[in-house]
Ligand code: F0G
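One chain comes next, on its own, written out as structure tokens in the form predicted on its own.
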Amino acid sequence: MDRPVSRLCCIGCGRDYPLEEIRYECDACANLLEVVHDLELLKTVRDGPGWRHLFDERLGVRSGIHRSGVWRYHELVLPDLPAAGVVSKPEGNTTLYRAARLEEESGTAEVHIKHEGENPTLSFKDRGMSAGVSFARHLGVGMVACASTGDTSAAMAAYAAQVDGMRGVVVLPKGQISMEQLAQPIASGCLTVALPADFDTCIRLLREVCRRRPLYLLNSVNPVRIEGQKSIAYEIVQQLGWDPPDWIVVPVGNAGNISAIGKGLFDLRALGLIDRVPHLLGAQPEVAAPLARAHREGYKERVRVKAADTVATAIRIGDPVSYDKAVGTVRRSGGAFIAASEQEIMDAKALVDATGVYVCPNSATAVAGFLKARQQGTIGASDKVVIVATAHGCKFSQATIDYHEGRLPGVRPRRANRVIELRVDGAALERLLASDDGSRKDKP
């Protein structure tokens, strides 16, 4: 295409900026920006069936950027970015599991889990970082940075490490991420900084530094990163044969991902690839649930909370950066926000883990939110539901062990599978095997 397809646009006042300007908020009203594509121009390139055919043709390719579950949709993600500039591992192409056990447990017609933990660094953040780091390289940026509750830093570090001359900087809340998450940016060679503060303080401090130093910020305030993450929506719909579900359930922390998924869905409808947009349900832990509270109170005012400790550490955020985007997107979809207790979260995790699909506590928050919404009647028995699992359970091994061993404060392990210790005695092992009838309700 001969002219730029995309621009930056303020979500508040609508002011436009060139896509290649490094900025994260509007000069006029300080609201966040989003990437806006010229959808009318894209409609002249192909109609809805034409786009579907193109993306279906690219499934299973073995070389080039279209192997990626982000860049298969290059024209709808960052059409102005040359293919040669793409930094990819590749990411995406994650499995959409049919969750028969959840269907049985909840009495719901069709439930799937979209497992973003199958990405290269084991979380959905790889999709956004592929876009963000690619664009940083395109702009000639030498240093990229993020504040993180774990997964963002892992993804940014891994993608920055692929670019010669690019340095990654991560700022973490000390002692508030898992060891598995902490190991990833260290291993990738990032400058890793731990602060004795919560995530909200870390991101606030880093945003101040980015105003004074030549750092390219890659948190979800960066609108380019959101373009990579919206490919989750594209892939879900394509995996369902371009027939969208009734609900998509997403765990919510900083609220960038649910905003991205909604943005992708609305773009698909505008371009004629789908004829309706699913309802979005955002799930938060009760101790860090500003959006769920805002929903209960009718969105009368912006809600901020002091987030308390939760097993869902990656979404322990009391003041989401993408609050306004998320509220607008969810309300436009006819959706809602919901909160789940620590007990509900870990019981949901144990239920899904026992089917061989290993999820993180943050993903389990979405599962618990789905179960509660189904129980309350928000989600109907005949609905088709997709739950987005944002990271792999292997990143949170300690939480899993602590649950099954009964060591999580205030949580009773209702689905415990404890380690059984025996003496070195074959007869004792035989007696144990004879007493185990093999009946497990949580099998897939």
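Bear in mind that the values here come from a model prediction, so they are computed numbers and not experimental data. Residue numbers here begin at 1 and follow the sequence given.
What comes next is about the form predicted in complex with the ligand, which does not appear here.
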task = Please state whether every one of the three residues I236, Q238 and L273 places a non-hydrogen atom within 4.5 angstroms of the ligand in the predicted complex.
result = no
task = Could you spot which one of S231, N362, N119, S134 gets a heavy atom to within 4.5 Å of the ligand in the predicted complex?
result = N362
Single option in G150, G369, P285, G262 placed near the ligand in the predicted complex, where near means a heavy atom within 4.5 Å = G150
key: Options 91 to 99, 296 to 304, 208 to 216, 120 to 128; stretch whose heavy atom lies within 4.5 Å of the ligand in the predicted complex   = 120 to 128
message = in the predicted complex, does L76 come within 4.5 Å of the ligand, counting heavy atoms only?
response = no
ask   = Heavy atom to heavy atom, is I317 within 4.5 Å of the ligand in the predicted complex?
value = yes
message = Contact with the ligand in the predicted complex for V252, defined as at least one heavy atom pair within 4.5 Å: yes or no?
response = yes
key: Distance check, F199 to the ligand in the predicted complex, heavy atom within 4.5 Å   = yes
